[in-house]
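Quick heads-up: it's one chain on its own, the form predicted on its own, in structure tokens.
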């Protein structure tokens, strides 16, 4: 039986109380669906947890006058996925939320927790006994990456479902600390270091995510490739947002791929090969090939990297064909 280390728990009731508590040191916990297993594996040893369960101001979904969607970081994934406004206008976000893990997990897991999910690696997410036998790595107290032995940065995979979709939609996040608040694009929340992948200061709390309303004619999709139809983290996650002009030509397209490395990969160069062109087989094939060329899965999870890269192009092609139908 895996047990948790001893720690103190602070239970603030407001955002101000939460950031004050965080400023005194500690680790945030909301649903705890990722944190608690990591505590049991001995991956973390915090002396103090700041629980957000009682901060009601962090929960809820609403739309602004201009049409943007605002989701509190404490909103559960099941509530996000079930919201009628989200399902009708930001359908890819609803889809990403509803395929996370299993119903019991989605009932308590939060959007903020998913956005700030820790990175994973086949050499890291193991018990302390297992890791000690192999030798520790860059994500813990070691000095070598078992995936890329010559590498200087951890390449553990960021496997959260909602961030690729949020990035493709152009979402922003509000971060609050005792020093004030700031708003940053969700894409800028992540850095390419699996050991320290979040660009948040230690005393900052994610309070809400704002998602612009898609333009006229925009359609979106989320594809999750995994071994089983439930429970599993993605082997690949692909978010696509496609906009077309009145004549059917592509006016804009965004493709964001997750579960590759420490941050989602925004596929660049798509405007040059797709903008102003019909969404025919040639354009779809060019976009899919660009995604394959731009993304390089690593052996950081227990699914073959070459297979993941080949499947990536296939899934992008299928999703674009569906969006164009």
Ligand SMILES: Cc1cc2nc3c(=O)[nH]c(=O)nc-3n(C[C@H](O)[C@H](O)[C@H](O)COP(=O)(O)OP(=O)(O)OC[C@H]3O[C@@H](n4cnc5c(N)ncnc54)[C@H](O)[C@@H]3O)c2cc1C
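Numbering follows the first chain given and starts at 1. As the structure is a prediction and not an experimental result, all values here were calculated from the model.
Another form exists, predicted in complex with the named molecule; not displayed. Remarks below refer to it.
Undergrad: Heavy atoms within 4.5 Å of the named molecule in the predicted bound form: does residue 283 have any?
TA: Taking the distances in the predicted bound form, the answer for residue 283 is no, it never comes within 4.5 Å of the named molecule.
Undergrad: Indicate whether the named molecule has at least one heavy atom within 4.5 Å of a heavy atom of residue 231 in the predicted bound form.
TA: So residue 231 counts as contacting the named molecule.
Undergrad: Is residue 159 close enough to the named molecule in the predicted bound form to count, meaning some heavy atom within 4.5 Å?
TA: Residue 159: contacts the named molecule in the predicted bound form.
Undergrad: Any of the heavy atoms of residue 291 lying within 4.5 Å of the named molecule in the predicted bound form?
TA: Residue 291: no, not in contact with the named molecule in the predicted bound form.
Undergrad: Choose one stretch from 73-81, 251-259, 87-95, 165-173: the one whose residues place a heavy atom within 4.5 angstroms of the named molecule in the predicted bound form.
TA: That would be 73-81.
Undergrad: Heavy atom within 4.5 Å of the named molecule in the predicted bound form: which of 69, 55, 279, 35 fits that? Just give me the one.
TA: Contact check passes for 35.
Undergrad: So which of 211, 109, 189, 221 gets a non-hydrogen atom within 4.5 Å of the named molecule in the predicted bound form?
TA: Flagged contact: 109.
Undergrad: For the heavy atom contacts within 4.5 Å of the named molecule in the predicted bound form, list the residues of 110-147 involved, in sequence order.
TA: In sequence order, 110, 112, 113, 114, 116, 117 come within 4.5 Å of the partner.
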